[in-house]
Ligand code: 9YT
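Only one chain is given next, in structure tokens, and it is the form predicted on its own.
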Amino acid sequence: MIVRKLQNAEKTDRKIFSKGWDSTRLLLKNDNMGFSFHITTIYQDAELHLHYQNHLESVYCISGKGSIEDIATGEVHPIEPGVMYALDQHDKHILRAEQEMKMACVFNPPLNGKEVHNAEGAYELEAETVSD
């Protein structure tokens, strides 16, 4: 059984910072669950151009307000508490935060821990692992 407290993980190298967001990675590849689980904060006024070419992602909004734009269709969907979206086709998208958003995110395949977005808005398949 794996038990981790978010507030404790936020004080370790499981918390990763990048432009417009931070993410606390509660489950990672080395936990052998087949997915990773993160609590991510998207900062107010952030506009993130993302394209997870190597991963599928599911996201649930816990708090805040924003939108996600599907680049292929131009459709814009509002994001608010209770909304889930899944990037099941490696969808190229833009995530915008009108207010700070707290998101629960699941990635498959799982992240190693230290990933940040590359120039194309994706995570590489292999990255440095966080120590426990």
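Residue positions are given as counts along the sequence shown, with the first one as 1. In this text the structure is predicted, and so the values were computed from the model without any measurement.
The discussion below concerns the form predicted together with this ligand, not included here.
In the predicted complex, at least one heavy atom of residue 42 sits within 4.5 Å of a heavy atom of this ligand. Contact check for residue 33: every heavy atom lies farther than 4.5 Å from this ligand in the predicted complex.
Interface membership of residue 112, defined by any non-hydrogen atom within 4.5 Å of this ligand in the predicted complex, is ruled out. Taking the partner from elsewhere, residue 105 is found to have a heavy atom lying within 4.5 Å of this ligand in the predicted complex. Residues from 8-29 that approach this ligand in the predicted complex with a non-hydrogen atom closer than or equal to 4.5 Å are 21, 23, 25, in the order they occur in the chain.
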